[in-house]
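In the block that follows, a single chain appears as structure tokens, in the form predicted alone.
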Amino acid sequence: MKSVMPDMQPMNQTVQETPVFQVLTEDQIEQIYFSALEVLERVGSRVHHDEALELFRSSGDAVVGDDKRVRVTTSLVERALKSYPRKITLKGRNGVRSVALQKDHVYFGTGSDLPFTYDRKTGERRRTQYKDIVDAARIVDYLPNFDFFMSHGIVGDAPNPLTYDRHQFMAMLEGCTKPYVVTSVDGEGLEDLWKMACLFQGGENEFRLNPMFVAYIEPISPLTNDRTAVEKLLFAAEKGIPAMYTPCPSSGATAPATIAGMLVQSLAETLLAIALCYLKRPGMPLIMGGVTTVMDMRTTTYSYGAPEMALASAANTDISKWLNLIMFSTGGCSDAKVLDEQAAIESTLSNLTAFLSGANLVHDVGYIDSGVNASLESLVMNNEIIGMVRQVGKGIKTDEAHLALKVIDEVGPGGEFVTHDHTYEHWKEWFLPKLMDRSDWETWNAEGAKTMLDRVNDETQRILDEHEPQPIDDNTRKELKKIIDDADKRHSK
């Protein structure tokens, strides 16, 4: 008679099913936070916007210098931090609330505004056009491991550079039904994008409850807030538009040449925005962000593939969770000029660290050439990488079914598990690659000896040939076109 160990509920044990990854200790986070507060009290930050300066001046918790340098008290910052929501849910134009931004929930998406793309027919590097944005949107709409869409390019054939953002958002809407992260020319541009989104969400109040997009807003490092960035930030605060204020310091160039120093400066830049939005409208859904990387001292490149970027991004995520703020991070990008082995290596490292850190919105997936070139094939490759990363993130379950003691006992020495019901029940939990090849040499040769790049190219073309997103109804399309046409007319004078 076979013996089986009795079931027993263990006591005083911690069972962790998912991997635990943390770069900074709580003491280190506190050091960085208190140092950032010191920067804001002693050094301050320049703010080139009259309304913002008046908000600080009348607060009683800031000193505004003649040079527009603003220094704020720790008291103001800490009051502001308590006012921000810990959860934001985004709803795509398909009506699905699919992105729940809260602690340790991770979502992947593209980046925006790439000036160049590789033409899939000629292989030539050329200016990105409207159709390229639509194609990227269709790819993201199809790929299951992408959760939100940034434009993955800048519309180079827009009729007016002052209104390109409206045309760009229209291209995004054409091709993708998932939630978006948008860029805008200025506050007026953001207002038009918000009006376009409200057509789908059912008005301003519904947009507050179910925002379709997050606004990407970027200050100038070090410690400078230009008029346009602040204009967009204040409009977002007024309308309840989720917004990330995303410093992009370059360690050794526009930030100290140490990761800790870069984190201090980046956090100080974020905390000033946190204080300003609180003064404008407490409780607006502000998101912490930052593309924190190094400048390669040999090439002066702002590196998207550096391991320091992955490390600093994960550290920033540790800080965001300590502050109870949602985090906008970076992953899946590369300095490689084409989709090659370097692109795969760099994309995998940053995707993995961003996911394990628990960052909420991981953007720039698919960037190559240090954020200059768009690649649809990179999106398809990264979809496979993210699938693998998410599998690692599932960790290892140690309940009775997964420990499989009964199964081991039943099979016994010299047996086999292939035909056992337990195998049939559990093998589908494994990662099943779509593009990776696991066949033997003979089979691989017989099927054309295709490389990973061959398979990525084939899959990219298949999606473009076959996938059609949910269409926009005619009435909504007319309203969208009117908003865009009105903007073009205003700026054609």
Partner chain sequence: MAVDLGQMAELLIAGKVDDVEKMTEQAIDDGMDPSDILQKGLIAGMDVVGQRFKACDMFIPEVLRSAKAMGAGMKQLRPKLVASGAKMAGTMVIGTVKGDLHDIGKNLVGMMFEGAGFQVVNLGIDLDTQVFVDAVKEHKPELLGMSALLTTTMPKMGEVINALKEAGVRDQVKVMVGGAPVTEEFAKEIGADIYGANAASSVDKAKEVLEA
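Just so we're clear, the structure is a prediction, and the values are computed from it rather than from any experiment. Residue numbers count along the first chain shown, from 1.
The form predicted together with its partner chain exists for this protein as well; it is not shown, and the discussion that follows is about that form.
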*Could you tell me if T423 has a non-hydrogen atom within 4.5 Å of its partner chain in the predicted complex?*
yes
*According to a 4.5 angstroms non-hydrogen atom cut-off, is T443 in contact with its partner chain in the predicted complex?*
yes
_Any non-hydrogen atom of G415 within 4.5 angstroms of its partner chain in the predicted complex_ = yes
*Given that the partner is absent here, does T419 sit within 4.5 Å of its partner chain in the predicted complex, heavy atoms only?*
yes
*Taking the partner as it appears in the predicted complex, which of 464 to 472, 38 to 46, 428 to 436, 55 to 63 has residues with heavy atoms within 4.5 Å of its partner chain?*
428 to 436
